[in-house]
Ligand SMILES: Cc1cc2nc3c(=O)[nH]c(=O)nc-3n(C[C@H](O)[C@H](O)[C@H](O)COP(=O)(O)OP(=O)(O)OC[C@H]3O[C@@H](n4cnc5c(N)ncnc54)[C@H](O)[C@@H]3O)c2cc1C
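In the block that follows, a single chain appears as structure tokens, in the form predicted on its own.
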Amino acid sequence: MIDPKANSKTVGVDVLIVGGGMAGCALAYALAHKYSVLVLEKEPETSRQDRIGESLPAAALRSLKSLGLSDTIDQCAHSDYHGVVSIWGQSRPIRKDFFDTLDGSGLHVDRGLLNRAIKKAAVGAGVGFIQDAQLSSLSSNNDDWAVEVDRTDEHYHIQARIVVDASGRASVVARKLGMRRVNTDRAVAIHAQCTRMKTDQTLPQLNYQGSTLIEAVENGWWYRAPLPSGKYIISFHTDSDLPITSFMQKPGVWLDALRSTKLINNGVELSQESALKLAVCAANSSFPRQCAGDNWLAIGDAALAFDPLSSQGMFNALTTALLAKQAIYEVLDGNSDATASYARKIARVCNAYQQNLTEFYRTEVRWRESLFWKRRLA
């Protein structure tokens, strides 16, 4: 057996980012023009099959521009995102357009392609990446961090002035620092891709072009968004501990439930049961008890993981990266209060999000005896 520590390397950087997803790569790019940045990847973000979230609201496009990454949109497939059609709290579909809002329309994007474009920009800016990296330990050493990282046949001693947790719901850095993560619910998403037909065949009075669709049902709710590839991502959301969760992971059951929807299956060519590839991922609201401290902070899902109902996942990744960039500039310029200020901003976002999410769930009162809805009406 090869001893990885026999092949050790010592590295010194200004900023070490743990996690190479959208938030981590966007922040890395934004910092690389002034500081040395190294990103640790447990696995390439683009290799993961359990991620959903294709809606990029207009506000997120502003964050992308502020990070200097506007050109990445042109490198990946995308289509217009004009609004939401929902059956929620009533039995008929309602359309809400973004045209008359302050932010306006956004985009539906291929998340994997956008992730790759942002990472490519970060590499081009001089950001270093260590893939298949396992963070074994980190400790504060005066004003710097001493970080130990293992790979299959290598060991790294990394000294960093700032450490950023961009590891998603795993909260690798926060957990290494002894901080627990709070899960406010038990939601999961059971999702698949389905082929889009040329025209919607029912409910012709509504235009679904450029829309995300949402439909509440007795034991949860459905979500559908168009992909630039000409397919749809469709997911069913419920709680992980409910009996329906295990049933809905069976392709035949999932397809039958989809066929029974009024809105979601409209205009979709359903796969054969044998060809349907279902995936399950966490979809609950969660956050660490502390998202920042002396010379460290968390961004993206590591700072605050949203319920997909909010369609704010990529917005959160980019916006927290932008806020973190500002905080890190201040810290490295000598402002020791900058990470505390960042934490207060994230706390305000968290409080507003939880209040808005609670209020929205409580507008659905048709299944008061269903445990899924009873929990959200409490």
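A residue's number is simply how far along the shown sequence it sits, counting from 1. Computed from a predicted structure; not experimentally measured.
Not on display, but discussed next: the form predicted together with the named molecule.
J.: Partner absent here, but in the predicted complex, which of 255 to 263, 296 to 304, 87 to 95, 239 to 247 has residues with a heavy atom within 4.5 Å of the named molecule?
T.: Heavy atoms within 4.5 Å of the named molecule in the predicted complex occur in 296 to 304.
J.: The named molecule isn't shown here, but in the predicted complex which of 314, 38, 64, 30 has a heavy atom within 4.5 Å of it?
T.: By the 4.5 Å heavy-atom cutoff, the listed residue in contact is 314.
J.: Quick check on this chain: which one of 168, 220, 106, 288 has a heavy atom within 4.5 Å of the named molecule in the predicted complex?
T.: Among 168, 220, 106, 288, a heavy atom within 4.5 Å of the named molecule in the predicted complex occurs only for 168.
J.: Taking the named molecule as it sits in the predicted complex, is residue 114 near enough to touch it, meaning that at least one heavy atom pair lies within 4.5 angstroms?
T.: Although the named molecule is absent here, residue 114 would stay clear of it in the predicted complex, with no heavy atoms inside 4.5 Å.
J.: Look up in the predicted complex whether residue 337 has a non-hydrogen atom within 4.5 angstroms of the named molecule, and give yes or no.
T.: No, no contact at 4.5 Å.
J.: Should residue 330 be classed as touching the named molecule in the predicted complex when contacts are defined as heavy atoms within 4.5 Å?
T.: Although the named molecule is absent here, residue 330 would stay clear of it in the predicted complex, with no heavy atoms inside 4.5 Å.
J.: Quick check on residue 276: any heavy atom within 4.5 Å of the named molecule in the predicted complex?
T.: No, no contact at 4.5 Å.
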